[in-house]
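Let's start with one chain on its own, the form predicted alone, as structure tokens.
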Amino acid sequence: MVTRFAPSPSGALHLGNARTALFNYLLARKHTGRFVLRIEDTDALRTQEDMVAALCTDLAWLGLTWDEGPDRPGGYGPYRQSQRSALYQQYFERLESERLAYPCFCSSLELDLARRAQLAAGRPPRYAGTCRELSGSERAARVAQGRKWSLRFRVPSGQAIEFEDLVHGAQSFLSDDIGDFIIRRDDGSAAFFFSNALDDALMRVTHVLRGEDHLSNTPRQRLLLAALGLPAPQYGHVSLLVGDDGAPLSKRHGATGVRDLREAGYASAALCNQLFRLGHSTPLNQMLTLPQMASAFDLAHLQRAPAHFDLAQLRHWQSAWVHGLSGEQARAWLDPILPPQLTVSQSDAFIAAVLPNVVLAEDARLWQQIIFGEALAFEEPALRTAREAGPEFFAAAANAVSERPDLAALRSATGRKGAAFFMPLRAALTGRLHGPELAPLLAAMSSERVRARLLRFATV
């Protein structure tokens, strides 16, 4: 089995394409096959060179390692379409010589007028065949006039194009409903219908999962490959990703790019676990590794209904990832926000305190500033609670602070327990009435800082 991911480097990798890449990767790994990365950059006007590197960075961060690609040569390269022009030209010439393709001199304006006329007449827009039967002399005359021309595939009439879609099941299209389509643009570059299908065949791709918006492209591509005597892969068209309002996912739904989410602090494992469950059902509710996802991936579980992306669900998987971290992994994750002078026991105590309460590493920054910072900002309810506890309470607590501050000793010294003990103590030490468990927070603080914060309320 050979699958592929073939992005166009015209923008950042968004979640819909990331899910497509994940599904193709999992399908290949499930069957011990090959996963190919192909960069579809024939459209020079839309290609952004820096996006090629960005796409590769995003895929690598997700863990979707490819077996063949621009940086990993295989037997069917090159893997950038901009480097395959000579190969495409051979097949263009073959189609022309066999009268399976022909030059089209229609301008954009002419095509637009014809399209409008068809729509006004209640007919679906398709190429009218204006240039289909031009004689050799008529074509030569147009070339002599300096008119630009594209190359169109001659769609055969009276055929039924039937295939089994891996998601949507049996499909049937009539060739008479498909107009002759462009396979080479007037600038000489290969059009999507042509290069995408041809490369799949020449790279021996056997299975392609892609967005359902490509379903209508499949009959054209199958006709083209059949004309060339090349095998077509099995296509599966997965549901589109939508926001919680049912509209196609876009920037107004928040961060929808892989890079955006990575820079926001989400783990790749969390994102992969959510994408795995968007449009693909599974009875497994626990956090899964990529190999576990590959084992559980099932084409029969791909759903036809739109898949809803929900940031709250991503935060759920991020939280599950955080709670699954080992002590060493948690230290590495939170190390960028910890003060460098902390002792091992202080950092371990702090991590133990905040880990159950944070989703992103940045969430812990507030508590790092509260516990280890010099200045302490008080929320009004906390300030009021501390003052109401009285100076005697804090004087007794401050006098009981030892080299290693201990809650039991403070409780004994103040003679209070329950909320009457914990709430004013938390308020004085953190400036808040709620947060991580107090015992490990206290263990993370130096005795000098604990004593100083308690003494602040020990005088009237």
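One rule holds for the numbers: they count along the sequence shown, beginning at 1. Quantities reported herein were computed from a predicted structural model and do not represent experimental measurements.
Omitted here: the form predicted together with a small molecule. The next part is about that form.
If you check the small molecule in the model of the complex, you find a heavy atom from every one of Phe192, Arg210 and His214 within 4.5 Å. Only one segment in the set 192-200, 102-110, 143-151, 386-394 has any non-hydrogen atom within 4.5 angstroms of the small molecule in the model of the complex, and it is 192-200. Though the partner is left out of this view, Glu40 does reach within 4.5 Å of the small molecule in the model of the complex, counting heavy atoms only. Remark: Leu454 does not count among the residues lining the small molecule in the model of the complex, judged by a heavy atom distance of 4.5 Å or less.
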